[in-house]
Ligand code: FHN
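Given next, in structure tokens, is a single chain: the form predicted alone.
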Amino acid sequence: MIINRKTFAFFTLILITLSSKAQSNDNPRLADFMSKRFGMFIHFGPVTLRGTEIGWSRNKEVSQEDYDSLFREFNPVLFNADAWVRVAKKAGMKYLVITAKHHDGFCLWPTHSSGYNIMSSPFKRDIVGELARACKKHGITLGIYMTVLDWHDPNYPIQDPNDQSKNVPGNMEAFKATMKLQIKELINRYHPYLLWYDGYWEKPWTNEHGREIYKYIKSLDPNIIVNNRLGKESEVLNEHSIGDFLTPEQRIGQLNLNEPWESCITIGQQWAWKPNDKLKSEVECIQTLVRSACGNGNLLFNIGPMMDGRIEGRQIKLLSQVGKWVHKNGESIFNTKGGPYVPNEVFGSTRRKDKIYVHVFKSGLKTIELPAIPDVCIKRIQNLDGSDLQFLIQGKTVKVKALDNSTFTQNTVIVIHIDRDAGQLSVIKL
């Protein structure tokens, strides 16, 4: 049978659509991504020269004229991709996502699509490329953040979301052509594991645009996974949404065993670097990761490097402290499934094989009371270090006692060994 070009293109489009839906339900890459649990988000660009929020401070704290000229001074001479990746690895992170292009339109790689890129700055080095090489060297998975809006591009209708008088007619077809060129550059040059999109809420961007871009990405590399912000429905994954996993922002997702999700949360108060930004405590950082895993989700934890390209020392110190806990307790985080207990203020749980890991969120408790699991035999209960804990089953409650009349502390991990595959247990509501 002879197939002409139009017919071939039609069937190719159908196959891409069907494969993308199948991948969202049964995708080895997606399963591998969810096993990683902990990643580093990096917001970086010329705006660090002002210490204000990336993208959003344009036409607010920083005038448009000033903001759009910052690239001429942007020269992060102390940027070291190896150093950034080593910080992530020491923290126990498995992947990294860099803002290759935020809503301000500035590109951290030498794109042919626009002169508004890193090669027009005094720095003149490919930040995305250097990070890609460093990630490969240190065994960290690379993700790339992009935006579906661009307030700097004359083809995008919205130039200032705060002042409609500055907006222009634009040309969305030309804008999408630029976007495709950028996507092709990023995929062909850097081979990212995932693409992370944002900016879906503005009116010029439609679900139809999102579907077109999603299919284009999959046509270039069907293995790449994409978050769900290419479409307008950001809170669900269904036949109308576009993308492979959910991305709740600045909040920890709920226990969800049906839809893959990743919370993106800042280490401080701002996404980009801010002088004297208030950072989370060590306990907050660890519990943000733990609560995400207990909900069966990932944590993409954001840092903002300084204007000279270094990660702030106090952020490095904090992440190093988190890393000490992660490297000691990682068995209870990575390659696990959330549950079976629904997380509460006292504890949450993860599970793998014949083990249930109970994560304690509060200090000073002499005992932890857990609902008994129907038709399951508990073989023993231990601290993660292997020391045995006493436990008593009373009716529908399992009481676990701390060692030597001491008390459980925050971020203690208790291991319950059972007589079956913990992953097959139903969710237990408290």
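Just count from 1 along the sequence shown to find any residue number. All values reported here derive from a predicted model rather than from experimental measurement.
The form predicted in complex with the ligand is left out here; the points below concern that form.
Proximity to the ligand in the predicted bound form, taken as a non-hydrogen atom within 4.5 angstroms, holds for one residue of Leu195, Ile140, Cys264, Cys285, which is Cys264. Distance criterion of 4.5 Å from any heavy atom to the ligand in the predicted bound form singles out Glu249 from the list Glu202, Glu249, Glu331, Glu208. In the predicted bound form, the ligand sits beyond 4.5 Å of every heavy atom of His359.
Interface membership of Phe38, defined by any non-hydrogen atom within 4.5 Å of the ligand in the predicted bound form, is ruled out. Contact check for Tyr95: no non-hydrogen atom falls within 4.5 Å of the ligand in the predicted bound form. Contact check for Arg351: every heavy atom lies farther than 4.5 Å from the ligand in the predicted bound form. Partner proximity in the predicted bound form, defined as non-hydrogen atoms within 4.5 angstroms of the ligand, places exactly one of 181 to 189, 323 to 331, 264 to 272, 235 to 243 at the interface: 264 to 272. Using a 4.5 Å heavy atom cutoff, none of Phe123, Arg133 and Arg310 lies near the ligand in the predicted bound form. If you take 95 to 118 and check each residue for a heavy atom within 4.5 Å of the ligand in the predicted bound form, you get His102, His103, in sequence order.
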